[in-house]
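First comes one chain, alone, set out as structure tokens in the form predicted on its own.
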Amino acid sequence: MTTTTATAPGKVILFGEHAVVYGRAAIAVPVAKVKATVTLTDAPAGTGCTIAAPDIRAHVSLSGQPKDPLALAVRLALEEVGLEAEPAWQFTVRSDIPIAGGMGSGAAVSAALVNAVFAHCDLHDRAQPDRETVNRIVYAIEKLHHTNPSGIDNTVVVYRQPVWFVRGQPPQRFEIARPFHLVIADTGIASSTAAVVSDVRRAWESARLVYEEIFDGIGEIASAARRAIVSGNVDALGSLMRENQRLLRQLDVSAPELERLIAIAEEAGAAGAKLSGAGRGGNLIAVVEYKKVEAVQEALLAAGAAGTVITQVGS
């Protein structure tokens, strides 16, 4: 019996959420501190292909539940490598990425499943598809999860690098001139990306000029943030985050608990903070000088954050 393990990281959007759905740019970075892990093991012949995800109490049969997102990720990967017959495989999926928190948990699980299939087939002398292929498959699964996804989650999770992303264009990876630290805090409130994105679309359809102006502003902030990051002027990121959050409030995607924790992070020493992802719950991110990271983390936990992750962007 052969066992293969594959992983995929979480992610956060630094700048550009919601506006990215309407053609503006966004910046996202991987968060390696949290990840999805898939273990794939050969099973006895004739037992079929099953996927167990204990964290969400799911157990999926590839033949019995072909439309399930977990099964579909495996099925599309099998089609890509040319395996027509269902293999006797057992997948086990584990993840410490918060679900419905804007950290790309669905994309990470899909990517880890696809990577596990490709790596396992590679062990059996089959060609290894490239990341562009993995990204295409994971995006197809994202459409099941989120209806009208921007494509940013799958892109940053699959490529595992900071990306500049404009919908419909190839992702651009770029250099981080000077590392900076983020404190990510979980509000503990689950957020449905599909529901929030749909609400924004309905609002946009009823007041397009107003919303297009907000999206333009968010896009301009993303451009300014990229210039700051590649030039090493990371001190500018705090004020850009605060301005981005102001515009996200205008889109009605914030929430009282997000606003409360953002204020606490900034009072504790964060240069700036904002929601990350769809909003109305999920996570916030704060850009923090290294010497203040512990104080900000402690303040957020004391204020009731469900959990925190500290990550360094750049090496």
Ligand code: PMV
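In case it trips you up, residue 1 is the first one in the sequence shown, and so on. All values derive from a computational prediction rather than experimental measurement.
Not on display, but discussed next: the form predicted together with this ligand.
- With the partner omitted here, the residue from 278, 51, 27, 258 that has a non-hydrogen atom within 4.5 angstroms of this ligand in the predicted bound form is 278.
- Checking 160, 201, 75, 146 for any heavy atom within 4.5 Å of this ligand in the predicted bound form turns up a single hit: 146.
- The partner is not drawn, yet in the predicted bound form one stretch among 285-293, 29-37, 52-60, 270-278 has residues with heavy atoms inside 4.5 Å of this ligand: 270-278.
- Although the partner is absent from this view, residue 303 stays clear of this ligand in the predicted bound form, with no non-hydrogen atom inside 4.5 angstroms.
- Contact between residue 237 and this ligand in the predicted bound form is not found at the 4.5 Å heavy atom cutoff.
- A residue is said to contact a partner when one of its heavy atoms sits within 4.5 Å of a partner heavy atom; residue 193 meets this definition for this ligand in the predicted bound form.
- Using a 4.5 angstroms threshold between heavy atoms, residue 152 counts as touching this ligand in the predicted bound form.
- With contact defined as any non-hydrogen atom lying within 4.5 angstroms of this ligand in the predicted bound form, the contacting residues in 1-32 are 11, 13, 17, 18, 20, 21, given in sequence order.
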